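So this first bit is one chain, no partners, the form predicted on its own, shown in structure tokens.
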């Protein structure tokens, strides 16, 4: 079955993890869907790198965190926070591609 992440997650957000890293959090609405996504590895380094058009080597960590029914992904920030040409100092607007992410279970 096909799902859109925004339909099964209660929170999809991004934020700074220091000036050189971005962190993405996906918190699922219920444990059942979280467990299905985790078991199928629906969010993984390959599809995240593709979604953000980054090399997999820029993914610092991708962790399924059971107590919060969440997935946390930390990447190398393409442009350091506050640097010339950077448009999102707090990293709070980088989650948009995840909202329409589609996956199968």
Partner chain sequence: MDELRILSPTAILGYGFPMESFEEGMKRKPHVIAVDAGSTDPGPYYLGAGKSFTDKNSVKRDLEIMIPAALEANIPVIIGTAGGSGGRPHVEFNLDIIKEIAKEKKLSFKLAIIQSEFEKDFIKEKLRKGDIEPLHPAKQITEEEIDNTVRIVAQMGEEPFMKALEEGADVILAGRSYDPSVFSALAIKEGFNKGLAIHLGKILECAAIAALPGSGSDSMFGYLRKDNFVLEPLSPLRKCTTLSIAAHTLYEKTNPYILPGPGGAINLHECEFKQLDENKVQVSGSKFVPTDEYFVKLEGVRKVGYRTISFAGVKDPIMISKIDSITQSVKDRVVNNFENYGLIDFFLDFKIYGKNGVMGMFPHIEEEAGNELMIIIEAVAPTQEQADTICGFARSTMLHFGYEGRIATAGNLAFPFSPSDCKMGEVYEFNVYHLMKVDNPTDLFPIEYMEFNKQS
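Numbering follows the first chain given and starts at 1. Owing to the predicted nature of the structure, the values given are computational and were not obtained by experimental measurement.
Only in words, not in the display: the form predicted together with the partner chain, which the text now covers.
Student: Would residue 35 count as a contact of the partner chain in the predicted bound form, using a 4.5 angstroms cut-off between non-hydrogen atoms?
Tutor: Looking in the predicted bound form, residue contacts with the partner chain do not include residue 35, since no heavy atom lies within 4.5 Å.
Student: Within 4.5 Å, heavy atoms only: does residue 61 come near the partner chain in the predicted bound form?
Tutor: So residue 61 counts as contacting the partner chain.
Student: Residue-level contact is defined here as any heavy atom of the residue lying within 4.5 Å of the partner chain in the predicted bound form; does residue 40 satisfy this criterion?
Tutor: Looking in the predicted bound form, residue contacts with the partner chain do not include residue 40, since no heavy atom lies within 4.5 Å.
Student: Is it the case that residue 22, even though its partner is missing from this view, gets within 4.5 Å of the partner chain in the predicted bound form, heavy atoms only?
Tutor: Flag for residue 22 set to yes.
Student: Which residues from 68-83 come close to the partner chain in the predicted bound form, meaning a heavy atom within 4.5 Å?
Tutor: Read in sequence order, the residues that approach the partner chain (within 4.5 Å, in the predicted bound form) are 68, 69, 70, 72, 74, 75, 76, 77, 78, 79, 81, 82, 83.
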